[in-house]
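Next up is one chain by itself, shown in structure tokens, the form predicted on its own.
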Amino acid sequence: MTDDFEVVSTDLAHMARLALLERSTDVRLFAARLVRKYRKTHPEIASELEKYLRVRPERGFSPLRDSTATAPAGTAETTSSPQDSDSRLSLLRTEDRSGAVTEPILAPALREMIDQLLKERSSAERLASRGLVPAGSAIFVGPPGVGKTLTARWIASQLGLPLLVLDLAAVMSSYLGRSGTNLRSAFDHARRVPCVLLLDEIDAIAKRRSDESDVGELKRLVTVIMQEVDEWPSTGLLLAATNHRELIDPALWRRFDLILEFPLPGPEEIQSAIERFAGRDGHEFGPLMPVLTSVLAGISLSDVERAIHRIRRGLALGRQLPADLVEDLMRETARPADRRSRIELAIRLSELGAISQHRVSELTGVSRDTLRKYQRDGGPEKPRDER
């Protein structure tokens, strides 16, 4: 009974907060959600709320100002960003829009989902004619360096909107209860302006509430952020990103319309990345492409970029041959774990012609006898001992 009272009290307090903030549209949306929530457990409350929702507000008189109405174009950058009252740090950071945003390199399946997300945003009227709304929120999941933040920037640029990024350092206040207030202020601001809101590293503020190592303040933040995601309007776009899906409270996942997995790049994505990062030195990388694709397998796109830029610097200085630079890279890159991939890499290095079989064997862990046998048999697909 106590738990039930706390749930109703929390909903009542939240309804009062929306009303006092003069957010009439959000009040009606939240009331509609409560009707569905209480229809079985508290039918009398649900019935009363439903009755009030049928009453249309009088034209020309609005005691509550609708703060979720679309703001004039460009106001996102001129409206004052909310601040932590003690540190005076801005709770939201606006990404620079002065330069062109590079299109992210994505796996085909992921790219298709991103394209549909963008198409839904541009086809809101068509969806509305069928009683549908575009996806209003998505969470990006994947290891560091696979393009989650870049994709958020690119989506914002494609929509012609600024990208607002939640600043976790500013949100997390040392004063009890202030962090939740900061978080609500940041969301309130993002609702009032046309923008894409990014919650980067969301696992830092949405950890599992069962984690006994976290203090009560962080656990309360999880409840706050779930409420805010629930109330996010479909007219806006809310994005979140995490490198650690296992840390996030399970109840938060179903609040997002889309869960987009960002895997490590496959061979095609690695080749595209090499071609992009090679720049004007692309002609030097042609013969090395199969080898580099194998050497760089299993690492992030940001690591691929660092590796290619390092090789380019070596080429610019003219002190090493391309094969020598690849050899240097291999010494510092973990060789493939499975035997077939190591043999494929060994064959490609040997075909390069600039590295001896002895060095190839040292770099890949494939013996020279094995390498000669596989070369004689035409590759790792048909070794004699596996026929």
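Just count from 1 along the sequence shown to find any residue number. In this text, all values refer to a predicted model and were calculated from it rather than measured experimentally.
The same protein also has a form predicted together with a small molecule, omitted here; what follows describes it.
With respect to the small molecule in the predicted complex, the three residues Pro290, Thr293 and Arg348 uniformly fall beyond 4.5 angstroms at the level of their nearest heavy atom. Of the heavy atoms in Trp154, none are within 4.5 Å of the small molecule in the predicted complex. For Ser302, a non-hydrogen atom is located within 4.5 Å of the small molecule in the predicted complex, even though that partner is not displayed.
With a 4.5 Å cutoff on heavy atoms, Ile274 does not count as touching the small molecule in the predicted complex; it lies far away. Although the partner is absent from this view, Glu201 contacts the small molecule in the predicted complex, with a non-hydrogen atom inside 4.5 angstroms.
The contact with the small molecule in the predicted complex, taken as any heavy atom within 4.5 Å, belongs to Pro143 out of Pro143, Pro233, Gly282, Gly266. In terms of contact with the small molecule in the predicted complex, the residue from Ala170, Leu150, Leu252, Leu183 that brings a heavy atom within 4.5 Å is Leu150. Contact annotation: the small molecule lies within 4.5 Å of heavy atoms from the stretch 103 to 111 in the predicted complex, the single such stretch among 103 to 111, 183 to 191, 159 to 167, 124 to 132.
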